[in-house]
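Here's a solo chain for you in structure tokens, the form predicted on its own.
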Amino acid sequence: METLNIQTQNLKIRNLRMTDLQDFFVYRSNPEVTKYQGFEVMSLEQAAAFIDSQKDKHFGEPEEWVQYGLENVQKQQIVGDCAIKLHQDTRVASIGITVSHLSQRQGFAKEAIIGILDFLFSQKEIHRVEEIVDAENTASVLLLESLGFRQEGYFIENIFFKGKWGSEYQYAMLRREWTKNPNKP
């Protein structure tokens, strides 16, 4: 297992730190940001406890979601976070991403996912990467499709989510698809 540190042109993807707390709390406490996420709005105390629970986690533990900060290298502050989980068969990974409302529509989500895919496929030789997305989250659906993810499933009202039944799409990409992908760095 290892500490994750992925560098892209504008981002450093790395373990969360307590110094990230204020920036993390700003977007994790925003109902519009959490609308399609599997977590609720966080209080400052919950945000601090979450960062504390994640700060020393290492990449590579099967069946464990690890959350990483997306640090804008120019501003030296986080603009979001992402999660990676290796399945029991560690050749398969799931990912997720959250970008602050203050930093959306600036290309950070796309850059982060490209960096994560390159790390997983090129450095770790992962066979398959999956992402589950709320069917109403049009921005995320369009982003995944623009990156070459395939929609493999549509689960209708499969999850009781924030007081109502929600539907989800499953997207995936194989390493052999990534090697031919025009988004690959």
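Residue positions are given as counts along the sequence shown, with the first one as 1. Given the structure is predicted, the values throughout are model-derived calculations rather than measurements.
Just so you know, the form predicted together with a small molecule exists too; it's not on screen, but the next bit is about it.
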Which listed residue (Gln37, Gln54, Ser122, Ser29) meets the criterion of a heavy atom within 4.5 Å of the small molecule in the predicted bound form?
Gln37
Taking heavy atoms and a 4.5 Å cut-off, does Arg91 contact the small molecule in the predicted bound form?
no
With a cut-off of 4.5 Å between heavy atoms, is His87 one of the residues that contacts the small molecule in the predicted bound form?
no
Can Gln77 be called a contact residue for the small molecule in the predicted bound form at 4.5 Å between heavy atoms?
no
Should Ser146 be classed as touching the small molecule in the predicted bound form when contacts are defined as heavy atoms within 4.5 Å?
yes
Does each of Gln151, Gly153 and Gly166 have at least one heavy atom within 4.5 Å of the small molecule in the predicted bound form?
no
Please pick out the stretch from 45 to 53, 156 to 164, 114 to 122, 135 to 143 that is in contact with the small molecule in the predicted bound form, where contact means heavy atoms within 4.5 Å.
135 to 143
